[in-house]
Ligand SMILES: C[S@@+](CC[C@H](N)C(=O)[O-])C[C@H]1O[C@@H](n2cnc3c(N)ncnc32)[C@H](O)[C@@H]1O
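In the block that follows, a single chain appears as structure tokens, in the form predicted alone.
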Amino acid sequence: MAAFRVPDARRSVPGGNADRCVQGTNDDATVSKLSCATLGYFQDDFVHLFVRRRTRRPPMINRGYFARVQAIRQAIQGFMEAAGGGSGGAQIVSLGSGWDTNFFRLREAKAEPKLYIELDHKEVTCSKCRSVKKSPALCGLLAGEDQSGEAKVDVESGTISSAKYALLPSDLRDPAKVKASLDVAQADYEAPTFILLECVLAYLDGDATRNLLSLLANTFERCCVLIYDMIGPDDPFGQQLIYNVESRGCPLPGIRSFPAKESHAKLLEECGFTCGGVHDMLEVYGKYVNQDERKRTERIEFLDELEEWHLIMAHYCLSYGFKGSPDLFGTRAMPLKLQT
């Protein structure tokens, strides 16, 4: 592994608009997902519609994003099977959703939930609206197979409203605004609900995270929450990881508030969820990602920096909890089975 300098990761963040910098991480993630899709790590027929310039990422980044995307897709599939799919009233709520394409992927496969809700900063949702409005394919999926469904795409307000999909701007640091957005989206608080927070909590301070998760636990009667985020800020690799992000003007208070797998489990329990488990991504990749897919993708690019691969994967984790029946996380397709 190449040597790297470890600065003081707790130094002050450079000037600039921190919110805008955090929103910029969505651009990077989308470019990385397109890199994976282009090389054949996974299929995503829509991600290119949100990227202005293609960039091929290094093999380690591609493989890491494959693990992330594959695990989340398996989790969604497991939930949808356990909850009876869209016909069973299942819904998905993605907070800090960015330019995620999961709804369009599920819609094209006729496997979408009854309702799919996405919330993010207004700048992000306005940008997503512009991309959707320019794409006949995406507009067609919003309208439905017979094109009879009414889909409203409002670029100025950053909102999309259709029979099965809602996109709204919201500030995740303000529980009242989140609840108001969910109300506007007509979320069903009694329906089985899958809640996804993908690289969100690291950018929130501890109080904001607790308030958000407590709101979700107190609002939804039957739900499961899946969190993908960074951990391990105190070792040399973790300090470098933080520096790489914060040097761009993106503060990471959440990784210090919840630095380890144990703190993620405690967080879920304190906020009203039963913790189903917490796994670092090295464990997820080795034990829970579909073995056939893992073997197939390992042949796409050669990876020789195994020490660094192990380090970076150990600094991200998936944590998950539920309220109501644990069966929402209980199918074989779910990669993160409940621990006994």
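Sequential numbering from 1, following the sequence displayed. Note that the structure is predicted; figures quoted are calculated from it, not measured.
Here the subject shifts to the form predicted together with this ligand, a form of this protein not shown in this document.
Q: Identify, from the list Glu221, Asp188, Asp171, Glu269, the residue with a heavy atom within 4.5 Å of this ligand in the predicted complex.
A: Selected residue: Asp171.
Q: Which pick from Ile300, Ile61, Leu303, Ala29 sits with a heavy atom within 4.5 Å of this ligand in the predicted complex?
A: Checked against the cut-off, the match is Ala29.
Q: If we take heavy atoms and a 4.5 Å cut-off, which stretch out of 254-262, 194-202, 135-143, 73-81 is in contact with this ligand in the predicted complex?
A: Flagged stretch: 194-202.
Q: Taking heavy atoms and a 4.5 Å cut-off, does Arg107 contact this ligand in the predicted complex?
A: No, Arg107 is distant from the partner.
Q: Is the gap between Leu241 and this ligand in the predicted complex 4.5 Å or less for some heavy atom pair?
A: No, Leu241 is distant from the partner.
Q: In the predicted complex, does Thr209 come within 4.5 Å of this ligand, counting heavy atoms only?
A: Answer no; every heavy atom of Thr209 is more than 4.5 Å from this ligand in the predicted complex.
Q: Is Cys317 a contact residue for this ligand in the predicted complex, using a 4.5 Å heavy atom cut-off?
A: Contact with this ligand, no.
Q: Mind checking whether each of Gly98, His121 and Val124 has a heavy atom within 4.5 Å of this ligand in the predicted complex?
A: Every residue of the spot touches this ligand in the predicted complex.
Q: So which bits of 21-44 sit within 4.5 Å of this ligand in the predicted complex, heavy atoms only?
A: The stretch touches the partner through Val22, Gln23, Thr25, Asn26, Ala29, Lys33.
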